[in-house]
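Just one chain follows, in the form predicted on its own, and it is written as C-alpha cells.
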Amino acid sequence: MSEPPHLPMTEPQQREITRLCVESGLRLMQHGAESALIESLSCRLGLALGVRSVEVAVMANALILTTLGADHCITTVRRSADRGINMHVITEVQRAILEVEEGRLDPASYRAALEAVQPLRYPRWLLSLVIGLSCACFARLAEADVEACGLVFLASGLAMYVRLRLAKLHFSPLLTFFASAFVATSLAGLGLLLKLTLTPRIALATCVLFLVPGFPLINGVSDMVKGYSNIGLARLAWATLLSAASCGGILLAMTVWKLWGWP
C-alpha cells in the first residue's frame, strides 16, 4: 500500500492523530482483536491521517504507540482493561478506518465515529436460551437420549444465566466460570441421581462445553505464530486459568453430590 502524501502539520494536530491511533488500537484490544490486527489498523489510520510513520508495541495489558511527523516524535502509553469479546466493536472500528483511508473522514469526524461505536449486546435471557440449545445439540450429536438433551438444555441455560449475572455484578471471570461450571454440573447430575436418563455421561460432559475459552486460545496461538510472543503467552495463560476454574467447579459439584463413578 503506497503511503499518502505527508502534509505539513503542527504539533497539536499530530498529538490528536496520535490519540486517535492509540484509542482505536485500545478499543480493538479491549474487545478481543488479535495483535496483528491491532498493529495493522493503528498504523494504517495514522498514515491515512498524514503522519510519516507509526510504531506500535502491543503488550499484555497495555498499548505503546509512537507517531513521527515532520519535526516531532510523540509517544503515548495506554493501559488496557478487558471489556469482553465483541466483534461488533472491532468491525465498526475497521469500517471507520476504511472510510478515513478513502478520504471520507477527517480527524474530527473520525473521532465522532469512534465515540459513536458502542458494544452490541444481546439480552441475557436470549444468550442463555441459545447456549442451552447449542449444548443440547452437542449432546444429541453425541447420541444422548431426549431426556439427557432436555437436562443439558436446562443445565447449560441456567449456568449461562448465572455467568452473565455474575459478570454484570463485576465479579472476576475466574469466579464466574467456577460458579457456572458448578451450577451446570450440579443440574446435569440430576440425571444420574434421579435416574432421569440412560446417558448421564453425555449430559455431564456436554453441559459445560460453553465454558471452553475458545476465543482466547485461538488468539493466543495466532499471536504466537505471528511473532507476538508476549501477548500470546499471556492469552494462553489466561485461557488456561479459565479452564482450571471451570474444572474446579466441575470437581466441586461432583464431590458435593457424589457423582463419582457413574455407570
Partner chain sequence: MNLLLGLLSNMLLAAIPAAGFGMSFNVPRRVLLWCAAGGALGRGLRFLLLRTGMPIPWATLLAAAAVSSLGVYAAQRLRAHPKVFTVAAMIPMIPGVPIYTALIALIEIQRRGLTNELLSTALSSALLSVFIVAALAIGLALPGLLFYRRRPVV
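Just so we're clear, the structure is a prediction, and the values are computed from it rather than from any experiment. Residue numbers count along the first chain shown, from 1.
A second form of this protein, the form predicted in complex with the partner chain, is not displayed here; the remarks below concern that form.
Asks: Quick one: from Cys137, Cys73, Ala167, Val146, grab the residue that has a heavy atom within 4.5 Å of the partner chain in the model of the complex.
Replies: It is Cys137.
Asks: With a cut-off of 4.5 Å between heavy atoms, is Leu241 one of the residues that contacts the partner chain in the model of the complex?
Replies: Looking in the model of the complex, residue contacts with the partner chain do not include Leu241, since no heavy atom lies within 4.5 Å.
Asks: Just checking whether Ile250 would be counted as a contact of the partner chain in the model of the complex - the rule being heavy atoms within 4.5 angstroms.
Replies: Ile250: contacts the partner chain in the model of the complex.
Asks: Answer for Ser42 alone: is it within 4.5 Å of the partner chain in the model of the complex, judged on heavy atom distances?
Replies: No, Ser42 is distant from the partner.
Asks: So, in the model of the complex, is Thr176 in contact with the partner chain at a 4.5 angstroms heavy atom limit?
Replies: It does not: once the partner chain is placed as it appears in the model of the complex, Thr176 has no heavy atom within 4.5 Å of it.
Asks: Tell me which stretch of 50-58, 227-235, 200-208, 63-71 has a heavy atom within 4.5 angstroms of the partner chain in the model of the complex.
Replies: Looking at the partner contacts, the answer comes out as 200-208.
Asks: Within 4.5 Å of the partner chain in the model of the complex, which residues of 117-134 have a heavy atom? Give them in sequence order, or say none.
Replies: Stretch hits, in order: Leu120, Arg121, Tyr122, Leu126, Leu127, Val130, Ile131, Leu133, Ser134.
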